[in-house]
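This document opens with one chain alone, in structure tokens, the form predicted alone.
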Amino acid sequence: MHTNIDTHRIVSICEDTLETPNVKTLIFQDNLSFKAKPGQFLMVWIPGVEELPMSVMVSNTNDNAAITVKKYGIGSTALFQKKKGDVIGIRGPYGNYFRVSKKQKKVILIGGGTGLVPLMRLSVILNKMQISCTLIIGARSKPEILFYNFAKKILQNTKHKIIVTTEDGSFGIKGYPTDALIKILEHDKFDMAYTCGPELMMKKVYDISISYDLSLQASLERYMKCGVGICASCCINDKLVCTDGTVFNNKELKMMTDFGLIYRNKSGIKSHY
């Protein structure tokens, strides 16, 4: 049993589940990852390819953890192609995490794509604490919707509502998660909002939260090479997503003027969204 999160652990994939044609969840045994808090991440090594930061997904088996990967670049495609019996390397979990207070009675979660992963882990806690939860799931189309039925199971013991938005209108509400958020906030109030997904979506969620005086926690995703604050490739202004985050609140986001506007590529060069 490992006790040091910086130890590079080689694990064998014990189960792989195809979520959509381009998204797969890989389950493996690791007690440190099993104990990860929602919003924390692992550095996942794909042998012979590269190392990627990945949020920790829910696993129902003790000492097991999971990651959900979308086939996109070289590294994520190589990871997506892994199957039961293959090995990967992991270290972590790193970073801070979503905070939940006993004072919270009603919260709202806004997620898009694989950004739903830490929100699923958060939902487990909300269910245990029986905190009323509204979850907005965003996808481009019906075949790309993630975790809809899984979220229902996770939240089965607390009052909840799950809303799906698709950009093409093939399921649920036509539009973006932020469109649904505005409609909900026009007639309902919440103690806290939690979000993770594409940065432009989260920037919109942040702007909406300011307009409605809604407290917010956002789990940011940036390119990372080390995950431990050395390379600074994940910086936003003077903050490092890997060590200062991944979760930031309203006040912190207000000071991060690059949020939703500027990102860094693999070479560290600034680019505009």
Partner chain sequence: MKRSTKDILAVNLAGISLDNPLILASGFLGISQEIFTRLYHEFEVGAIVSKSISLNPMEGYRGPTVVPLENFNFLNAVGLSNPGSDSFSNEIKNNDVPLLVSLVGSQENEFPKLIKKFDKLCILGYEVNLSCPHVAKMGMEVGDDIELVYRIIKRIKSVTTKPVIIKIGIGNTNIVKIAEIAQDAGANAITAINTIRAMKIDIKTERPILSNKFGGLSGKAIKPIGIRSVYEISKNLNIPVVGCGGIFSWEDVIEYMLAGSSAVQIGSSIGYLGMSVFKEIKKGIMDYIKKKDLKNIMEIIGNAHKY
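Numbering follows the first chain given and starts at 1. Remember, it's a predicted structure, so these values are computed and weren't measured experimentally.
As for the form predicted in complex with the partner chain, it is not shown, yet the points below apply to it.
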Please identify, from 189-197, 112-120, 164-172, 87-95, the stretch that has a heavy atom within 4.5 Å of the partner chain in the predicted bound form.
87-95
The partner chain contact in the predicted bound form: residue 264, any heavy atom under 4.5 Å
yes
Would you classify residue 232 as touching the partner chain in the predicted bound form, given a 4.5 Å non-hydrogen atom cut-off?
yes
Going by a heavy atom distance of 4.5 Å, is residue 258 a contact of the partner chain in the predicted bound form?
yes
Test of understanding: in the predicted bound form, would residue 226 fall inside 4.5 Å of the partner chain by heavy atoms?
yes
Near the partner chain in the predicted bound form, with a heavy atom at 4.5 Å or closer, the residues from 235-273 are 235, 237, 238, 239, 240, 244, 258, 264, 266, 267, 268, 269, 270
